[in-house]
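Presented below, as structure tokens, is a lone chain in the form predicted on its own.
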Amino acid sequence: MSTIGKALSLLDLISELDKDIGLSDLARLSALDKATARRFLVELERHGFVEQDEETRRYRLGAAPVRLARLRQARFPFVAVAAPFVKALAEEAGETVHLSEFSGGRLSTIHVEDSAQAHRVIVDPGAVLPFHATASGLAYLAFLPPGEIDRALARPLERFSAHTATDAGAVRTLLRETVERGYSISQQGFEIGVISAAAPILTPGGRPMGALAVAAPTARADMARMHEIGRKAAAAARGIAEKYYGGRT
């Protein structure tokens, strides 16, 4: 990995933490020696990507990523366009709805509309969604070119729950089903007690750029209901794509 790649990986690691972290722990988690980790942190801090608390000497994410995110949103207002569709779907389904986007080799949650119900699925903004284990990942993966699907499934498939499909053949079956109906369903593939349905958001050329998903507790949603929700998610995903790409032409 290049020097820039290592520094960005360190920044990614910091962004995934829910609390400040010290140099020693950061070096250990990133598999870097302390001197190298500190050198990267000094440069990242100098450019505003990380901050160091003056009292604890621990590091956290800085303001620069927020500024860049705002600039990107102003120029490519994907979330602004999608948010009304996400909210409407959450109100209609009565469940948590989340929007994801593919970037940097990962599918990540970029917007969440929580269910109003007390017993609901919690989805964290910024969460990385594994292709094989989540409804969003399956919906995205299913509409990629065959060669890209092959490469994704050639890697070891991590098990997240007792229901995770870790066999490439089993995942391909799920992908075929997703293409046939236009949406995916993941039944506890990522988290026990959660069932989700998701639809891809496609570019005008038919390539997926993200996904729209509805996550519900299994105690409240059977397969019949999830198929109904999946059809609604697919319609909303088409609406997002039409408005986003139609407004840019």
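We number the residues from 1 along the sequence you see. Everything quoted here is computed from the prediction, not taken from an experiment.
What comes next is about the form predicted together with the DNA, which does not appear here.
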Fill in: Candidate from Arg60, Lys34, Arg181, Arg220 lying within 4.5 Å of the DNA in the model of the complex - any heavy atom
Lys34
Worksheet item: Can all three of Ser24, Arg28 and Arg38 be found with a heavy atom no more than 4.5 Å from the DNA in the model of the complex?
Response: yes
Fill in: is_contact(Lys6, the DNA) in the model of the complex, heavy atom dist at most 4.5 Å
yes
Worksheet entry | 4.5 Å heavy atom contact, Gln188 to the DNA in the model of the complex | no
Discussion item. I need the one stretch from 205-213, 51-59, 65-73, 190-198 whose residues put non-hydrogen atoms within 4.5 angstroms of the DNA in the model of the complex.
Written reply: 51-59
